[in-house]
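What follows is one chain in structure tokens, specifically the form predicted alone.
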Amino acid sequence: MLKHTPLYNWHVAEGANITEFAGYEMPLHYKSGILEEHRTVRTKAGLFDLCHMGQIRVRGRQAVEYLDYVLTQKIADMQPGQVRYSLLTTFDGGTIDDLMVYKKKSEFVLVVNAANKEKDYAWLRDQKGLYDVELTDLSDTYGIIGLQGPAAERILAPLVEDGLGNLRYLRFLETEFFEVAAVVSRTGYTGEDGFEIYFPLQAVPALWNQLLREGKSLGLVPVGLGARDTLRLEMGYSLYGHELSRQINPLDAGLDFAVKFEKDYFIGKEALEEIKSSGVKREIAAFVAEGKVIPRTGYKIICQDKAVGFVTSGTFSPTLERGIALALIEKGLENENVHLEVRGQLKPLTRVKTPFVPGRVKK
């Protein structure tokens, strides 16, 4: 049985194209289509139903020590109101998930990928051991709304008692909407300035409708999973199951910044240290295609008549109006000519740096 977020009936009533994702029926796009939704987020603002995402609360006397053990990121020096990107890894260095860590005054909340939330919770519970911590799955209690785009602050600020002007990127504040407690973070998955709002699940529809009313004059539109993916890919952001997996470790994915080897220990540290010392053999690289070619996930990357990797994520970029891709390839091919294999034909690729388009998060 597929699950529904509290906004499912609203999506259907608005004529959304519904698709299955991570065990949920979710909007892929609305009547205007993916390209228009994507461009509206880049120029105005978009509203995203993220209630399928997972949330796990960690609290207790040894919460810091426990999280420093299970996560690659450093947790001990986090301050209340701060958000950090981190990874869960296996003992052999494979990636279980990537996630965001929210540090509150007396507890932490881990925001995890929808497809992995049950698996992540089970893994965290299994690693608890003798740590004096309490784990609670909040996924069926709290929902998330994403508000992204250049107009996002102008839409949200009037609804927040003290405004948002001092809220920096990767920070959050605790506030209220309709006298109900909420968390607002300056975070997102689009590369635009924006916010993610954490709110009790049953109250999400009221806040969703209020935001749409507030943002109507500024061009705010609902946005589905299709544009969410093209927006994140233009920024070169990793997606679990594509650029990250049990077979693709954080060093392969170029996420060294989130792996703190200076910590005394974390799960996977020894394996990742060995990979680092022996030399990382693979990397996620960014490519732009020529003409009308659109790279797709799984297409082979060819160099000198040999397969040297494959596309992990590929799409048509609405901003660049050409095909773009992230691919897992052998390291050391920076100066080589590489091609994309499309139905037996080789199409030239140009290697570029990420992001594909400039990010505009407010730091």
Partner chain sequence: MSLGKVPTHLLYTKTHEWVRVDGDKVVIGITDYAQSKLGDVVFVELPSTGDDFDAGLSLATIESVKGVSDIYAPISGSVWEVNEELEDIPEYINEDPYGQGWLLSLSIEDQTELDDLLTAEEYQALLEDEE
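Numbering follows the first chain given and starts at 1. Only a predicted model underlies this, so the values are computations on that prediction, with no experimental measurement involved.
Keep in mind that the form predicted together with its partner chain is not shown, yet the notes after this line are about it.
Shown without its partner, this chain lists 58, 28, 301, 51 as candidates; in the predicted complex, only 28 has a non-hydrogen atom within 4.5 angstroms of its partner chain.
Contact check for residue 34: a heavy atom falls within 4.5 Å of its partner chain in the predicted complex. Contact between residue 248 and its partner chain in the predicted complex is not found at the 4.5 Å heavy atom cutoff. A residue is said to contact a partner when one of its heavy atoms sits within 4.5 Å of a partner heavy atom; residue 158 fails this definition for its partner chain in the predicted complex, lying far away. The shortest heavy atom separation between residue 296 and its partner chain in the predicted complex is within 4.5 Å. Judged against its partner chain in the predicted complex with a 4.5 angstroms heavy atom cut-off, the residues 230, 315 and 343 are in contact without exception. Picking from 85-93, 145-153, 284-292, 264-272 the stretch near its partner chain in the predicted complex, with a 4.5 Å limit on heavy atoms, gives 284-292.
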